[in-house]
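As structure tokens, one chain now follows by itself in the form predicted alone.
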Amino acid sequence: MSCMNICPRNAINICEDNTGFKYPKINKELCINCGLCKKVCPVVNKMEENTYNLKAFACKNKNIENRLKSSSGGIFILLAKYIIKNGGVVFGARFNEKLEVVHDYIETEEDINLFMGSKYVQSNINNTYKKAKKFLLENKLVLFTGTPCQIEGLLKFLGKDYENLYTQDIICHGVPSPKLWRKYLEFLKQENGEVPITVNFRDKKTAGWNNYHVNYIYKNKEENVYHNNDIYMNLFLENIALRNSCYNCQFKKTVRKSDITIADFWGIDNINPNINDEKGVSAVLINSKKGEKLFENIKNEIEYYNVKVTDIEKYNPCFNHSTSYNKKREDFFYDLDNLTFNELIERYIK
């Protein structure tokens, strides 16, 4: 959405297609052909490759309670706390009151939990690039977190380096359709009489990090579903409802444009089994000098171990390879509009 954020005439509308993903549409009556939309598009106008000498670590937050609340090793919360303690703001993805996933910003430590945890739905960036620029021009520290494409979208929108900007991305599997998520919430309402109040896609308290559950909290009950048995997680991991661009991602690189990349350190048992206590381990990649600075400021609060970049790459193929295309995708989205959710489950979930 860098194009929408940059347009001086508000001539770009973001419209949802039949799969539920948002795409830009230009209002030709308002467009002045300034070309800014192409200039800030990180696909049309690619950024230079990052030549930084990459550093890689396996990391665990020493605070076990915070680590249990996190999807992996509890590193994001420490980055966010450092920025906020120094008078800054943090941008990230959260659920709104409708359980839609949106990008937003926070300024207090109490709100960090809104951005914690994986959210397996494409987040709506909306006008957060503009908001981030406003804070940067006010000389506030800004930490902007998101998927690799969202980070490059921000950097292209800004058009120059800001010393007070820090960026953190993730190793991304791909983003599922917000439309599928809405339909799934409708299905849960039919099954339970209500929509959940909160959803945690990566609950570790039930059976640990590797055997994570999806946790649904309703007004009067709580459900924990092992991820292999969860309907939505099955559809996500089958790659059947991802954005088309995720099957040919332009942003899966060994050295990213972000300052820091964090992810689950899958395969850590094969590298150093003594590290894994089933409460979560993060893979952390330092991509820049600013990333080094951030890491230095949280090192006292983590256990960290030097690893090879290839150790992360070997067990997390989404690091620099696109997700495989599911040939049933087109049929799936047609059926999403024409079948009941129970019929959809019967047809597409093994």
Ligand SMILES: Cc1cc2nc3c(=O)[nH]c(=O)nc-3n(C[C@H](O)[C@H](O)[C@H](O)COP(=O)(O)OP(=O)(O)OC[C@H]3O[C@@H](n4cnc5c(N)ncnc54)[C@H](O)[C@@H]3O)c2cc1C
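These numbers were taken from a predicted model, which means no experiment stands behind them. Residue numbers here begin at 1 and follow the sequence given.
The discussion below concerns the form predicted in complex with the named molecule, not included here.
No residue in the set Ser177, Ser245 and Phe332 has a non-hydrogen atom no more than 4.5 Å from the named molecule in the predicted complex. Of the candidate stretches 33 to 41, 295 to 303, 47 to 55, 64 to 72, only 64 to 72 contains residues with a heavy atom within 4.5 Å of the named molecule in the predicted complex. Remark: Phe76 counts among the residues lining the named molecule in the predicted complex, judged by a heavy atom distance of 4.5 Å or less. Taking the partner from the other structure, the named molecule in the predicted complex has no heavy atom within 4.5 Å of any heavy atom of Gly153.
In the predicted complex, the named molecule stays beyond 4.5 Å of every heavy atom belonging to Tyr184. By the criterion of a heavy atom within 4.5 Å, Ser282 is counted among the residues contacting the named molecule in the predicted complex.
The partner is absent here, but in the predicted complex a heavy atom of Met116, alone among Ile231, Val142, Met116, Val199, sits within 4.5 Å of the named molecule. Of the candidates Leu158, Cys172, Leu136, Ile84, Cys172 is the one whose heavy atoms come within 4.5 Å of the named molecule in the predicted complex; the others do not. The partner is not shown here, but in the predicted complex the stretch 93 to 107 reaches within 4.5 angstroms of the named molecule through a heavy atom at Ala93, Val101, His103.
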